[in-house]
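So this first bit is one chain, no partners, the form predicted alone, shown in structure tokens.
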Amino acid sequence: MTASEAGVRCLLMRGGTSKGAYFLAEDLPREKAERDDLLLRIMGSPDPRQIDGIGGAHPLTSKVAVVSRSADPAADLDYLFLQLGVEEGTVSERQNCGNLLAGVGPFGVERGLIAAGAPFTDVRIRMLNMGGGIATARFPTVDGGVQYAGTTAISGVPGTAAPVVLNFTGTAGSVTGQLLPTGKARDVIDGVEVTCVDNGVPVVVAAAEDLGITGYEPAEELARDHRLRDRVQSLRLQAGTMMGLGDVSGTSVPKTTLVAAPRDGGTLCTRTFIPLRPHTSIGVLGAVGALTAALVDDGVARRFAVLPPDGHPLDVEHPTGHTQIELEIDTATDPPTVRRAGNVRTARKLFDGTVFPRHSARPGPGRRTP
């Protein structure tokens, strides 16, 4: 019996400001091409509406977490993040996702990979996308299960839920292996000064005003600006080569974050693209990257940042509110090094059951919906 006929165990969860399908690694094919084909059929890609799958027609809701017990004694769980294209039939593992990371520990409890403690459970998670960087997640558990209800609110998510505290020692993981992959705090691309950062996810940071916007526009307005889209694409393609990522035209990294001075009491105002679609908020690791560019001497974002007193979290303003990040960088070293990063997210189980993929990976001739 094929996966299309028998279905695949799946838990759909909101993690932070994203939504994704969580799978046990053992429930998916081992061969990468076969796995990717199956996941595209589950998500309903390629199709701008993902009408024949469980995707939500947006990069923020076309995500997958693959989880297993860790073979590393320093970790409890292994986490592989996969970004699936919406209109394109692509599956990328060249980045991490700090939002879906918030759901990995709870998923481990749900699947019996780890035992729930009381009143909290601490889980060490090895992030396979980032060369094995380890994050620690703490979340409330009761009576052997996950407590999802709570009073913690995060911008971009209606209502409240229980907190998931994420902590990273050192960098939050790295694709390139370098905090400043080009070796400099500033580079120039298309006449625009940028800071290329890799602290959890590769990010190109530039001043919004240098691309002809204020940096305070709503995401919907930015999405209609095709000239801006072209400039963002040019920036990220060239930055990808400069960061050692090669041809990034078919990948979701590096992401681009445009920054401006805060105007609502925060540290920095941001507008992020994933990779070309404006983010309605900002990813955890994207926020870490933008703030890294603000803390590094001569970083592009430094002149816009309003830094809080020592010991206070940094506050990133984005289109739907604020994200608070704890970030400590030692700028006395050359190159700068990260001491730690932390963030509070929430997660909620949406459904747990069996998902049935469509039979063919791509719509056949004459079957494409209008």
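Note that the coordinates shown come from a computational prediction; the quantities given were computed from them, not determined experimentally. Numbers follow the displayed sequence, beginning with 1.
Unshown form predicted in complex with a small molecule; subsequent notes refer to it.
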Name the stretch, out of 284-292, 242-250, 226-234, 144-152, where some heavy atom lies within 4.5 Å of the small molecule in the predicted complex. 284-292
Could you check which residue among Val204, Val201, Val104, Val259 gets a heavy atom within 4.5 Å of the small molecule in the predicted complex? Val201
Selected contact from Leu60, Ile54, Ala65, Leu327, since only one has a non-hydrogen atom within 4.5 angstroms of the small molecule in the predicted complex: Leu60
Decide whether Thr270 counts as a contact residue for the small molecule in the predicted complex under a heavy atom distance cut-off of 4.5 Å. no
Non-hydrogen atom contact Gln95 with the small molecule in the predicted complex at 4.5 angstroms: yes
Does any part of Asn129 reach within 4.5 Å of the small molecule in the predicted complex? Heavy atoms only, please. no
Though only this chain appears here, would Asn99 touch the small molecule in the predicted complex if you measure heavy atom gaps against 4.5 Å? yes
